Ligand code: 0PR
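Next up: a single chain in structure tokens, the form predicted on its own.
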């Protein structure tokens, strides 16, 4: 810490210079986060000092969290759903598996079954919770093989996981089939829809993934991704409003005497920001945003194949992958690569049509 403080002008000159070292979003094609919507920024600034970890001090902000959960309950076809705002998909996934383990506390050596495409947060969750992780293989179209997943179930299995909008290939696992398997085995079934949860409901032909499927127990969704909220903003949504109370611990010095959340201090600002975007855009507005992202994804795939770079998969959501060598990508575009070394591009709301065309021109010229 400095012995003598800096002037405000000097401090923010330093911050501005440092921020200039960050990449320009015009060239970021690899991220599942985006520039927050203007109403999200405005709402965030209004609630920056609020702490949902001590809800009795901030009853208004707490009411907004409950309203946000209500919005997702309605969106996911379960108006009486429960849940709470998390820091994002990683926390939501950890909490879902923590809950699954707690509900089967009699199992000495618990295991969970996830797809081979599962987000790395499940490795963290299983390490923390001392769970054996069993990875079900994928089919040729990069989706979880439901039949192979069923073969992995035994008396020690406490949870089954499916992904709605995989991180690498943008695929939706066969959630309906997995839900049936979960019902047959009386299993806790968690759907990781951190990305797809704010894409799939707004597609012209939504793929079943939510509480319309009887076997689905919990859903993770991240407003700070396609919901264009400020970071960090996630939600864990539960079919049973009371189920999270299984995780309650005593908090004697707070305004509530028990809590089930993973974090203690929890910012209210991104919760207000997430709700602001949902209520400002509504279903019609979100459909327009998603339609634009899907149109850009389709244009990118068509343009790349014209150049001679074939798709690696036909995605369900706005993630495009290609069979392409890293040396073929010109600077300063920031893309990413899957575990199978396929080029991966996420067509987020900040990736406008003109940026797609600029990228296609650059990669075409670079490989001419």
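Numbering follows the first chain given and starts at 1. It should be emphasised that the depicted structure is a prediction, and the values quoted were computed from it without experimental measurement.
Just so you know, the form predicted together with the named molecule exists too; it's not on screen, but the next bit is about it.
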**Fill in**
Of the candidate stretches 130-138, 99-107, 165-173, 260-268, the one with residues having heavy atoms within 4.5 Å of the named molecule in the predicted complex is 165-173
**Message:** Whether residue 306 contacts the named molecule in the predicted complex should be assessed with a 4.5 Å heavy atom distance threshold; does it?
**Reply:** no
**4.5 Å heavy atom contact, residue 301 to the named molecule in the predicted complex** = no
**Touches the named molecule in the predicted complex: residue 225 (any heavy atom, 4.5 Å)** = yes
**Request:** Verify the contact flag for residue 93: yes if a non-hydrogen atom of it lies within 4.5 Å of a non-hydrogen atom of the named molecule in the predicted complex, no if not.
**Result:** yes
**Prompt:** Which pick from 144, 125, 194, 161 sits with a heavy atom within 4.5 Å of the named molecule in the predicted complex?
**Reply:** 194
**Request:** Taking 4.5 Å between heavy atoms as the contact cutoff, choose which of 32, 313, 39, 335 touches the named molecule in the predicted complex.
**Result:** 32
**Request:** Would you mind checking 66-92 for residues with a heavy atom within 4.5 Å of the named molecule in the predicted complex?
**Result:** 88, 89, 90
